[in-house]
Structures are given as structure tokens and as C-alpha cells.
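Consider the single chain below, provided in C-alpha cells and representing the form predicted alone.
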Amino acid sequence: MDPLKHLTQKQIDYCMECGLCTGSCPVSRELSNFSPRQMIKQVLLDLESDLMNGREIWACLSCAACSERCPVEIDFPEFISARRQQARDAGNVPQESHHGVLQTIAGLQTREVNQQRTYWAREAGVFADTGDVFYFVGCLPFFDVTFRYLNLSPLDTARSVLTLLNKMGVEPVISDHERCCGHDALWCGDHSTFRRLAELNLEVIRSSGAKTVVFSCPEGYVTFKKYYPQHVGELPFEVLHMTEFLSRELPNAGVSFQSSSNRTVTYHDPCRLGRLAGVYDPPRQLLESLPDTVLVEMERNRQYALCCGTSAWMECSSCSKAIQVERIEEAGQTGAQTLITACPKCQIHLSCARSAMDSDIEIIDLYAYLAMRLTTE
């Protein structure tokens, strides 16, 4: 059966027009003309051409907040993803953020390129060319260059992951030949670029002999876990988010952590790790295992967490900033001194918004926070 036809039957015809999707949508609260319900209704009424040629199709964050509350379990991100490919084919393309540099980098990686992606790892720890555990670093090296103006170093995430793995006795495979996972191409409707990146990544990982691939980036994780099998077939290795791997392996690894003066923290659930992948407990278990650490939840957490405001490096707008400001204010209301993120893009987006706010809450990557708390013995 044509998957798009099946998607149409299951995800559109079952709509009850109850409006819970629109009422749950963070974009709908900022843009009065944006409504997931109305987008589905356009298809029901054979007005799909209006949807294909409009800007609303690109404004969706694919955060799945609407799907979480839908009484008939409509998967709106899947609905929007399928139609974005159609929109792109019709000449309707998204407004790319940061002058499209990250989309250009992803496109270049579909070719034979000579990359030096592991330069940071040679200084940060010990890694290998072959082995059982492959650490998929993703686009962190490119983010590190692009977002220096925010006084952030996204590669600190990768350095911290390598430090933690080495402390556990793991020397992971890290490869110069790895590519972008293709997440952004997929969600921008560029499926040919996505599939080519997937094929190249699978070739690299197979050649490493890895049995387990771990991800610090939720987007890479959910892309491999959920979307690679749909597009390129079953994967010959285990796929784990780093929080899952650490929660499973740390208790028996002989690793200890020390206390900190910043004892009260709050945790932001990334949409890809939470609603799209269902990983809620492992990050919290890691934080709660730290001595003298108090984890306080924001009002909206787990499946009801607020998105960081933009996705796939596109359509960043005043709507995005309003959502980000709302999330930072919500974190501040907990009384926590530190906001922990488990996604490099969430850290970038929230840090960008905070730079224009009167907020002193510290925004720290989860793995950097764990590495800072390691005992020095």
C-alpha cells in the first residue's frame, strides 16, 4: 500500500474536529491564522492545493504537542512531513535560518568530502576507528563554528560525552566519515538528501563493526531509531540515546560524582527525545543520582513540555522567540539556578533568547553538567 495513502486514511479521515490540537499548539497561541485542525480540514475538503502553497505548512514545529492530546491519535508530525515533500516538489520551500548555511553543509555531505570531524576528540580523550560502541557526534562540529557569537561551544557536549565514556572504560568509535543524520532535510521535505545521508552513515557504521550506536543529540537518535528503518530498512545495530546508555551502564561502572553549589536544577524535555521517542526517565535518573542535587520540574514537563520554539533551522521568527521566552520564564519560576538541556539545538535556541532577556538562569548541557560533577580521583 502507498504509505501516503495509508497516512491519509488513518491520519485525516479520523479527525473529529474537536480542536484539541489547535488548543495545544504553541504556534497557534502566537499566530492567530495557524491551526492544525484547519490544515487537516483543508485536506478533507479537497483544498490540499491551498495547504501546499501556503506558509502555514512550514510554521509547524512538528513538536507533537497536538498529537499527544488527540483523542483519535492523529500523528500530525507525520501528516505535515509527508505534505512538506509535496510542497517542496510544487516549489513552496521554507525560509532557511542563518542564511541557509547549515542546509548547505548537509547537502555538501551527500558527496565525497574530506572531513576533519575528529580534531576535537584527539584532544579530549581516547577513541577508536573500530569497536563495539559508535558515538554518533552529528553536526556539533558545525554548530561550534556557527554559534560562537552566543559564547557557546556545542562541542563541549561531545567532549563531555567522550570524557564520561572514557571514565567508564569505553573507547568509542568516532569517525571523520560520519555525515549529518539527515533530520533537517527530512523535516524540510528534502527526502532525497535525507536518504543519501542515511545510506552514507550506515556504510560508515557497518565498516566500524559497531554493535551499539549512541547519540547525545535527540534528533540524531530519533532519526536513526524511527525514520531510518522506514526509509532504508532494518538497522544491524542497537540504537541508544546517551541518557539510556548512561542510565544502563553507569551504576556498574565504578564512576562517582561530587556535590555542587548549584544544587537546584530543572530539566527541559526536548520534543524529539520526549514526545517523538518516549524517553523521559533516563535523563531524570541521571540528575537524581548526583549527590545533593534537587530536581524541580517546570509546570509543563514530560509529554506536556513546551517546545524550544523552532526546528530544522527554518522559519525562526518572533513566534519562535515568544515561545523561547515563555519557556525560560517557566524555568525561572521553579526557583532553579540551572536549566539542564539534553539537546544541542534546545541549548542554542534558549541561550539565544536568554541573551535578550533579564534572566540569570544558567543553561547547561546535560553531559557537560555530568562531566563537571565527576570526582577527580
Partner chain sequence: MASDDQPQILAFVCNWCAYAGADLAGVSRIQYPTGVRLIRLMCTGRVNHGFLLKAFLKGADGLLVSG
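Numbering follows the first chain given and starts at 1. All values derive from a computational prediction rather than experimental measurement.
Separately, the form predicted in complex with the partner chain exists; it is not shown, and the next lines address it.
**Q** Just one of 70 to 78, 105 to 113, 298 to 306, 222 to 230 has residues with a heavy atom within 4.5 Å of the partner chain in the predicted bound form, so point it out.
**A** After filtering at 4.5 Å, what remains is 105 to 113.
**Q** When the contact criterion is heavy atoms within 4.5 Å, does residue 128 count as touching the partner chain in the predicted bound form?
**A** No, no contact at 4.5 Å.
**Q** Indicate whether the partner chain has at least one heavy atom within 4.5 Å of a heavy atom of residue 99 in the predicted bound form.
**A** Judged by the heavy-atom cut-off of 4.5 Å, residue 99 is in contact with the partner chain in the predicted bound form.
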